[in-house]
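Take a look at this one chain, the form predicted on its own, written out in structure tokens.
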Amino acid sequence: MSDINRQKIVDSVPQKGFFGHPKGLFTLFFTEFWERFSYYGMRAILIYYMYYEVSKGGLGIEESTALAIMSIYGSLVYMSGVIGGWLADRVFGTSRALFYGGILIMIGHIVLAVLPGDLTMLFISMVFIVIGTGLLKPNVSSVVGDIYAPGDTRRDAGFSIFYMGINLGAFISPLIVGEVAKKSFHLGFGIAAVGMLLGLIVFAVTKKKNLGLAGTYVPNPLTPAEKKKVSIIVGISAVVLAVILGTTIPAGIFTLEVFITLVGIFGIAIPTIYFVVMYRSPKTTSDERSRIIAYIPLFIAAVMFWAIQEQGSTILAAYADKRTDLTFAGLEISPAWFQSLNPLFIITLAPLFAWMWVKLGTRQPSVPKKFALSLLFAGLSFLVILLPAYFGGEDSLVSPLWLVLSYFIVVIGELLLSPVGLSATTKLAPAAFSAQTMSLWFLASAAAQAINAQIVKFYSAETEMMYFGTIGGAAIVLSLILFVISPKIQEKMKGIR
């Protein structure tokens, strides 16, 4: 609605009530807490559900195929955020987008929890969760921004509190769902569905009182002519897609392997197109073109980093299940519990890093050097996993502390890259493409997992040392290259630090 300006939205939100922050932060904190509880709980057991034998409650899919599906799933989740953001901006606003998204996510988990387990039901549930997460994830953060006035000094602290909710949900859920899944995978998925239901209830019950007008407006609504054009394009595309799938799937042409390959191509092609369009646009100034050039090596570094970090839910999850001694200090450990390590270390270390950057001030490393260091730690996190196999052999079970150390090292890299990358993206983005450049940053994760879908098939007990050594070594080499060229990148950034 064009008559609703930013200040009217802020004025409609009670500005005190949640640790000195707007009351709306309570609604968004717990909505996102339960959504992340739901998502990470499901993700912690999904890989095991796919490759465990049918007699153990799984689907009995070949492990390499299950690892590839998991990677493609992660890639599509990030890609769908672009569509979710567009729908919120042009069709129904962020508030309705995240509510609809939550409903779709819950339905996806219910499909996994209630319906008979087979590959068809798995893919149906994934479609619901991918679309739902694309609607919810980017838009809930946008609503957080809406509840603060542009000059409000509480904004950064508010996002920090919100970020804590994300990681608390991600930390707790694998511990609960992983334990329950020992008895039944379907019960574990059911708990994930209940988590999303609680998030929806919190949002629906408190949004009117706490959020006011935040998220209710459509920033750039489609005109009647545009609606007609979009409807025609979507309709034709749906028919063409149905015809293609209806003929190629029965004929054995469109297979799972073909789909994985296509997602891999899109994962690389979409960000490439973004870069070309932004660089060649007449709306982009010469300084902004220089910054786009500077952003390209940072983007490539981010893809390399996330390719390693995201294997925590695929390769390292399988490693936890099959190569790790799951008895420690008299306790029987669920392999899913290791998925709680990443958010636990982020919660613990993030305040330390924030303090460190403030303390260093102008003496802190440049953005390219921070990215180089993040790649160094990512590479080391994989090389660490080589050591137990080197010393104890490929057939012996290794101490869980090796996995703990690997997750710890990669989180150090994540804290050097993720918040820094978000900040750098906002600074380096051309003015005409600020929102799209933020979408581009998230596409680095999509590209990384699309690449992972191609490379995880090379992992096995026999190739373990070669796999971790090659990928870890490649990350370290790229880190050194980035460190060497960082002065050139900094020069291209045209005064941005």
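Since the structure is predicted, the reported quantities are computational estimates derived from the model, not experimental observations. All residue numbers refer to positions in the sequence shown, first residue = 1.
Although it is not shown, the form predicted together with a small molecule is what the next lines describe.
Here is the short version: of 188, 101, 267, 174, the single residue with a heavy atom within 4.5 Å of the small molecule in the predicted bound form is 174. In summary, among the residues 313, 210, 334, 133, the only one with a non-hydrogen atom within 4.5 Å of the small molecule in the predicted bound form is 313. Of the candidate stretches 425 to 433, 458 to 466, 35 to 43, 56 to 64, only 35 to 43 has residues whose heavy atoms lie within 4.5 Å of the small molecule in the predicted bound form.
At a distance of at most 4.5 angstroms from the small molecule in the predicted bound form, all three residues 137, 170 and 343 contribute at least one non-hydrogen atom.
Using a 4.5 Å cutoff between non-hydrogen atoms, residue 407 counts as a contact of the small molecule in the predicted bound form. For the chain shown alone, residue 146 is not a contact residue for the small molecule in the predicted bound form, no non-hydrogen atom being within 4.5 angstroms. Although the partner is absent here, residue 339 lies within 4.5 Å of the small molecule in the predicted bound form, judged by heavy atoms. With a 4.5 Å cutoff on heavy atoms, residue 78 counts as touching the small molecule in the predicted bound form.
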